[in-house]
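Before any questions on how it binds or moves, here is one chain, the form predicted alone, in structure tokens.
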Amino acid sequence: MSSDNAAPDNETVWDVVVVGAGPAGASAAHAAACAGRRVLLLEKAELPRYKTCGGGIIGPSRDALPPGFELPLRERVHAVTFSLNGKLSRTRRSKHALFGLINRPEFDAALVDAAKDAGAEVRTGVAVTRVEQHGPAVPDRRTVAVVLSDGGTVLARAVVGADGSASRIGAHVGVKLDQVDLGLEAEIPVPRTVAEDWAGRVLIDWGPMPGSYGWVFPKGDTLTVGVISARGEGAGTKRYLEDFIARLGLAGFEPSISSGHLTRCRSDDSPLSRGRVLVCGDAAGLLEPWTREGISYALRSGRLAGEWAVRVAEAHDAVDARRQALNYAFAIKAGLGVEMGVGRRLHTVFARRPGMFHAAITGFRPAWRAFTKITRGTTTLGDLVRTHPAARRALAAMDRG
């Protein structure tokens, strides 16, 4: 275990304990610490640590970062090449940067540093096995016990679960899932001549299996190459990645890292809290169902969770704590929930007709403009459908088709 401050005595009750130091957890800890509360952030790994992730930072992610945060960008993207399972390739360019690319170990570590600077204490190498809101480990009804793998216990007035898609805190809350996908990824170091060809440009390939797609994200002298498809298509997803890498002419380069992960989207009726425990980010199943973009959802839900956890911590009884937790759930559903609903509809249509999506985004200027506005953060999927009748009609027509 490592800590930046001396460990407190066993009787300490923290205002907010956050479990998991990814973007969601670090954002929650930062928000709660900025409110002047005593915050403890627990992480089972030592930082920095690798995380399977494309590392795309779109406008909503940038706008949700702590004030003054400097993004450790490896690349600024001005062009996107789209292809349909390797065919009908077309590149679209923008005068302005569409989004940025980061390495997750650097990005996550910087977010944790921001939480520390705001006053949160961070302990790494600490695994959490469960939380308890009743029983001998809990001294009173205003306290939650966070039980550690070494048998120790940490007490808090409120807990935020941000411990990833296989969340133990999510299991305690009762998170229910609607969509589970398998992502496979390779970090491929390439010679300078190859890297220069990819500078400022990403590739998005609509894949051979329903709902699948692949990507190439350049980060200096390394290309992040990955594919994603529905869970249960493991062999096909692996074959897609192998074929994708070979088609790109990258099969001769040895990946420095090959990894896989499951992404999990919550169902509409999935809870976001239980008692004095809130969940956010991947632990809550919060990500965009079509693209499976999760960083902006982690940052935004984490900040909200941190802010509402402070209110939960201040609640003097179970009724008030429940009221604050329901307000958190309402804030999530009114924003991210609406976006997820649109993304879920897009994913359903895309799984049936990827060629239509490819034709629209490569040959229909309003579709490309919508893509650039979403990536830059001047609109969201939810806002696009809510404020643009043409987009609403198009989505309804795709639903019927």
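Residues carry their position along the shown sequence, with the first being 1. Computed from a prediction, not measured in an experiment: that's the story for all the values here.
Note that the form predicted together with a small molecule isn't included here; everything after this is about it.
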Worksheet item: Okay, which stretch from 348-356, 35-43, 65-73, 362-370 lines the small molecule in the predicted bound form, with non-hydrogen atoms inside 4.5 Å?
Response: 35-43
Worksheet item: Thinking of 154, 159 and 312 as the candidate spot, does the small molecule come within 4.5 Å of a heavy atom on all of them in the predicted bound form?
Response: no
Worksheet, complete the sentence: the small molecule in the predicted bound form has a heavy atom of only one listed residue within 4.5 Å, and of 218, 207, 289, 294 that residue is 294
Discussion item. Taking any heavy atom pair closer than or equal to 4.5 Å as contact, tell me whether residue 49 reaches the small molecule in the predicted bound form.
Written reply: yes
Worksheet entry | Partner contact for residue 272 in the predicted bound form: the small molecule, 4.5 angstroms, heavy atom | no
Discussion item. I'd like to check something about residue 128: if you look in the predicted bound form, is any of its heavy atoms closer than or equal to 4.5 Å to a heavy atom of the small molecule?
Written reply: yes
Worksheet item: Could you tell me if residue 54 has a non-hydrogen atom within 4.5 Å of the small molecule in the predicted bound form?
Response: yes
